[in-house]
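For reference, the chain that follows is the form predicted on its own, supplied as structure tokens.
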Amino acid sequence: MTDPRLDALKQAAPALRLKTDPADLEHYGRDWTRRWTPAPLAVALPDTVEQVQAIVRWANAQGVALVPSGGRTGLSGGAVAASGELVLSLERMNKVLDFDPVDRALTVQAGIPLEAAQNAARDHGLAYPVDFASRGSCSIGGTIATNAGGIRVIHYGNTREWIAGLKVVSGSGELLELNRALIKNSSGYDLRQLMIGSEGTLGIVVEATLKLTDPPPPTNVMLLALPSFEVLMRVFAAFRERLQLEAFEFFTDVALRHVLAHGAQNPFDAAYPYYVVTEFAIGDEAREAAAMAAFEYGMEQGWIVDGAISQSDAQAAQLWRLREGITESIACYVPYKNDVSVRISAMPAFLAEAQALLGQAYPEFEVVWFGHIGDGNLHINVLKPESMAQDVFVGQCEQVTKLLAGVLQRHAGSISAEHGIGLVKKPYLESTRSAAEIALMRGLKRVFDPNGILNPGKLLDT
């Protein structure tokens, strides 16, 4: 028997595509966390902004919660629908709407994959520089919802630096046009920036105007082998001083082992404990000489013990695979993930304390470390032993995360650098935000979503 609420939705939006097959409910009701059993009411796939507005108005009338959904590549449970919510998938709203060569801006629907937006910018001789490994499957709307960072934050910054304007459907069904792609706009609160990183709890992003920039300069990629954790920030400082860095990414031998088992190729004959993949601008003899000088300086200091430099685009891609393939290579272990950040200046002290804490807390677990060291962001992945029950494993990891949250608080860091809070990190929000800030966030939620239908339970308890 059809749920009468869905009959009402079909009347409110007759052309709306709905999915209710159990396999579809399972697919659309979860993200990469895999810790909750999906149980959505149905999946709605609107084609137009008007249909999104109709869905929101129906949800208010029927008292049904909505879970906005993009590529569902998130790692914090922000796109999980486990309590009878309607999943509102933007995947059919995936078009490029406009390109303005004067403003150097690209307007897209929220469901377009990041890689498709990057390709559209490239077709016009420009670049949308936000980038990370899930570029082919994550959506622009999802990257906006979490203020995604990625591998090039060190040069270009986070998503919020590249959003010129947004169209957003509020929790009451109103269409808000935020900032209208203006460069300068001092007319009150910037609600565009408020929506970025709000995880679908304040509004549903339906369109975005992206700032574009010049294509990146010619680059080379270098893989560095390091003898110890302690020299990592020294190598970063030396390379940042001498080169125009596009990326500076770190991972451990444990991470490398999993990627190699997944089919990647190792350019080194020997094994080392720590590695860095760095990409830097070249294009003239001086820059190329500076790159070799930075490498040789690190070798002389004993901070670098081996290295490989790309001689072609194919070799660069092979080196990058060693870093970008980590998440996929360990996905089968259903890892418990920590995504944390501190100021770059605080990184050495934080690294020392965090490494000691995790080494003591997880002696029997395999821990995979990697991250965007150049912008103060670390990913810590704890792999579940095959013989251990999932609930026992998560319970042990959460006890350690409480301690890690305390370390972050002492170093003025964040429990979530780029994955959002969602369900996973919500218990630790107080380590990052003060009680006064959280109270204001709850007040904003009530203003934009008066009936509490937008992604309830994510980010905040309401």
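Note that the coordinates shown come from a computational prediction; the quantities given were computed from them, not determined experimentally. In this text, residue numbers run from 1 along the sequence as written.
Keep in mind that the form predicted in complex with a small molecule is missing from the display, and what follows is about it.
- For the options 167, 211, 384, 372, the one in contact with the small molecule in the model of the complex, meaning a heavy atom within 4.5 Å, is 372.
- Residue 327 is the only one of 107, 219, 147, 327 with a heavy atom lying within 4.5 Å of the small molecule in the model of the complex.
- Residue contact with the small molecule in the model of the complex: residue 163 places no heavy atom within 4.5 Å of it.
- The small molecule is not shown here, and in the model of the complex it never comes within 4.5 Å of any heavy atom of residue 204.
- Proximity of residue 425 to the small molecule in the model of the complex: non-hydrogen atoms within 4.5 Å are absent; the residue sits far from the partner.
- Looking at residue 418, you'd find a heavy atom of it within 4.5 angstroms of the small molecule in the model of the complex.
- In summary, the region of this chain contacting the small molecule in the model of the complex, judged by heavy atoms within 4.5 Å and restricted to 289-297, 354-362, 372-380, 306-314, corresponds to 372-380.
- Looking at the small molecule in the model of the complex, residues 75, 323 and 337 each place a heavy atom within 4.5 Å of it.
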